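Here's a solo chain for you in structure tokens, the form predicted alone.
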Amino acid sequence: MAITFENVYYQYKNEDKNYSLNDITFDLEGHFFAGVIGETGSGKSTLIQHINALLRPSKGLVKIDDFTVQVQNKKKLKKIKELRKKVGVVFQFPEYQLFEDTVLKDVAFGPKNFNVSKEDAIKKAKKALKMVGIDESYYEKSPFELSGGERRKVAIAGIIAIEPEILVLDEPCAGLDPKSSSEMMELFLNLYNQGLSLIMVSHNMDIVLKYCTKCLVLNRGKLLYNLKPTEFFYNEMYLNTAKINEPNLLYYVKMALKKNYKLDVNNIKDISSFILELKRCKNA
């Protein structure tokens, strides 16, 4: 599936002049894991809410595969339910949306809402729970008996069970400790490797550098850059223009460069790849 924004503007009703999105144009094609970054108030959450028509442009249009989302009230969006089946959205703290009395029922609710039979919904729910690492022994438990990280996995399984082609994530690691964040990101990487495309808002630049294949950089509602993470983060001018704090990893990379290591920064996305690159330089 592809995502295309064409000259998209969005203005909230209580804003007289300012646009939260200001002439946004970009394409994401093929198989992608895109990060959306920027300062608070740069328009990140507003942008991702256009991808399944939770918001519709004030001007311009958004295309998701063969669906077109246009100006609110100008044209009725056809087959919006089909669009929302193709594009699953995981909001911040999705565990707050759990409501059924068992884990299995909660995850099966999504497929049933898309007219899947109860039997098939249960099958899809079990498959999704297995994908996120929830053991069968939890299926008949109340989701409210689980830990915070487990509840989040159950909530994400509820979206995965719908079998979307694109998964939209809004700060998926918010409130998690480093170990739980790492587990969560490895889950998303596994989904990406299985063919799902993802677009993720994150304030954690180390996560974006490590996991994302594309980086959409926003500033005051404008799209400044659409680049590979290594192309963006290893360019100090880009970082300064976007007012983005560099990933923590860059401190160590810069130290190595000052010591005349001939690093290929395009190969460095995390500490493991940094160590491999150091070894390559030493052995060269």
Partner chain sequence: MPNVIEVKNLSYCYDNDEKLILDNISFHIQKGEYVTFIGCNGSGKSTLMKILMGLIEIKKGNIYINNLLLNERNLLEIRKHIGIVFQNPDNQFIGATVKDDIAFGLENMCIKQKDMDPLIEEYAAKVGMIEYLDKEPSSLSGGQKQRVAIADALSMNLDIILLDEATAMLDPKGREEIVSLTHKMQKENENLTILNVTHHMEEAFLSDRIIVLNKGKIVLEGKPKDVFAKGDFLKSIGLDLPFSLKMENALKEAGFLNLLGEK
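Remember, it's a predicted structure, so these values are computed and weren't measured experimentally. Numbering follows the first chain given and starts at 1.
One more form of this protein should be noted, the form predicted together with its partner chain, which is absent from this view; the next part is about it.
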key: Segment assignment from 248 to 256, 55 to 63, 220 to 228, 22 to 30: heavy atom within 4.5 Å of its partner chain in the predicted bound form   = 248 to 256
request  = Check, residue by residue, if A174, I271 and F274 all come within 4.5 Å of its partner chain in the predicted bound form, counting heavy atoms only.
outcome  = yes
message = Just to confirm, with a 4.5 Å cut-off on non-hydrogen atoms, which of S147, N190, Q97, N115 contacts its partner chain in the predicted bound form?
response = S147
query = Can you pick the one in K105, H203, R84, K127 that has a heavy atom within 4.5 Å of its partner chain in the predicted bound form?
reply = H203
message = Can you work out whether F93 and its partner chain are in contact in the predicted bound form, taking contact to mean some heavy atom pair no more than 4.5 Å apart?
response = yes
Proximity of P178 to its partner chain in the predicted bound form, heavy atoms at 4.5 Å = yes
message = Whether Y9 contacts its partner chain in the predicted bound form should be assessed with a 4.5 Å heavy atom distance threshold; does it?
response = no
message = Does any part of M1 reach within 4.5 Å of its partner chain in the predicted bound form? Heavy atoms only, please.
response = no
